[in-house]
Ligand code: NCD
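There is one chain below, alone, in structure tokens, taken in the form predicted alone.
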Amino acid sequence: MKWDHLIKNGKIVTPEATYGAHVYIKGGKIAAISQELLEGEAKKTTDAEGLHILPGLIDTHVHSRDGGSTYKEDFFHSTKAAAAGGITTIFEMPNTNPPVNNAENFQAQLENLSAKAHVDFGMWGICLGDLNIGDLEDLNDAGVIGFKYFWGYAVDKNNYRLIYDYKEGMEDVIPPSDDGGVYRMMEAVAKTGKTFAIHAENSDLINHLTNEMKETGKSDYATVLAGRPSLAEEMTIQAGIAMAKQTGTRLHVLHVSSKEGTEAIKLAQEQGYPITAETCPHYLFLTNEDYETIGPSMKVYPLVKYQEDQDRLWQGIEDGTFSLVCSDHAPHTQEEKQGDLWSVPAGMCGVESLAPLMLNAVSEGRISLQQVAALLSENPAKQFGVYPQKGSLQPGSDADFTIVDMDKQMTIKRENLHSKSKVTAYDGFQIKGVPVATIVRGTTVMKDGEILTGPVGTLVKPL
């Protein structure tokens, strides 16, 4: 037998086990994984002695700003950053200009992204209420990973841009959907069998409390957080769960940030409902107390909250409330992130630092490397219907691997990020446990921090 690539002497890591073995790649697929060396020749051999081989890591929540706001980020740079950080597949969010709101725009966006992709990618579709409820079936057929609804956000009539801080009376703006509209969207998505993912914040409560807090004249983090509290997340999660129970929708709660939200999701899961949820590194590694040191770079929506919230999120990882961890990569320029905390936009870079931060958590004993393989690979692949093509270390699966050196140390530095934007809350973070190779369908895209290829990524559709 002739192999394209032999990776020998590494330690295989799956959610169930860690063991020494040799990996054989042929035609972009895993040909064999054996604890004994097989007979035959390999065109290329890599000695992975002392390294761990994980199924290729997946980031399910990325905003590459392409098209629409490519001065902040674009797909070429975001996927380059993903590869540099050990990510082999990303799922691109649909709130672009134009949005991925119908099959025609899906195809246009696919053409736009394909030539720029350093890693493989899936594409989300967006729910815009009555504006595109009739297009959801065609979007499903086109191959979206799932459907996202920005609960409580208004939409610009001219370009379908989302408006985060809606105020009654705005011109050329479609107001947020009422509960009946959300219910109709859930019914429509339930018919496709795909996930209905929600950004869960109650806009009415936020608008009321934010106006109250602004009247104080303060703009410190505690005051801004008082205008966007955990209650806003909890209320929307509870409403989403209630509707999902009635409609049979596969509800997924995005970027959970609070203790109360986590507990509401856990209760629904214990009752047997197919509710899933994710959280992000900024909620796992930061609290409100970090704002004094980090500043506006750490402003995200939902806001980073308190230590008790962070503690409950880690517990949620341990007890299985969260099926995955993702970055919510959402860059802005450095200039945009300067100024009054009320007005600076929410979001930062995250796709490149996701895996290093989670590997560092392994080094600190918070989680195991097997849990990383579950949270960042197997679980999302299964949840979004791309397993065993992705997220699997078995013959016939795509030869996607994230090879990590758990003894290697590094410092996250903003100037070293591969994104267009360099805005990160993690500048100066010390990391132990580093991705040292990213292999996408048999092609080594990154080795020792260096990007070795141009774009090689292709679209991934649910099987």
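Since the structure is predicted, the reported quantities are computational estimates derived from the model, not experimental observations. So that there is no doubt, residue numbering starts at 1 and follows the sequence shown.
As for the form predicted in complex with the ligand, it is not shown, yet the points below apply to it.
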Review point. Would Arg65 count as a contact of the ligand in the model of the complex, using a 4.5 angstroms cut-off between non-hydrogen atoms?
Key: yes
Check your understanding: Is Gly240 a contact residue for the ligand in the model of the complex, using a 4.5 Å heavy atom cut-off?
Key -> no
**Study point:** Lys382: touches the ligand in the model of the complex, heavy atom cutoff 4.5 angstroms
**Key:** no
Exercise for review: May I ask you to state whether Tyr164 is within 4.5 Å of the ligand in the model of the complex, using heavy atom distances?
Suggested key: yes
Revision key, fill the gap. TL;DR on 230-238, 109-117, 263-271, 297-305: the one with heavy atoms within 4.5 Å of the ligand in the model of the complex is 297-305
Check your understanding: Tell me, which of Ala346, Ala142, Ile367, Val224 has a heavy atom within 4.5 angstroms of the ligand in the model of the complex?
Key -> Ala346
Review point. Pick from Lys194, Lys80, His252, His332: which has a non-hydrogen atom within 4.5 Å of the ligand in the model of the complex?
Key: His332
Check your understanding: Is any part of 94-110 within 4.5 angstroms of the ligand in the model of the complex by a non-hydrogen atom, and which residues would that be?
Key -> Asn95
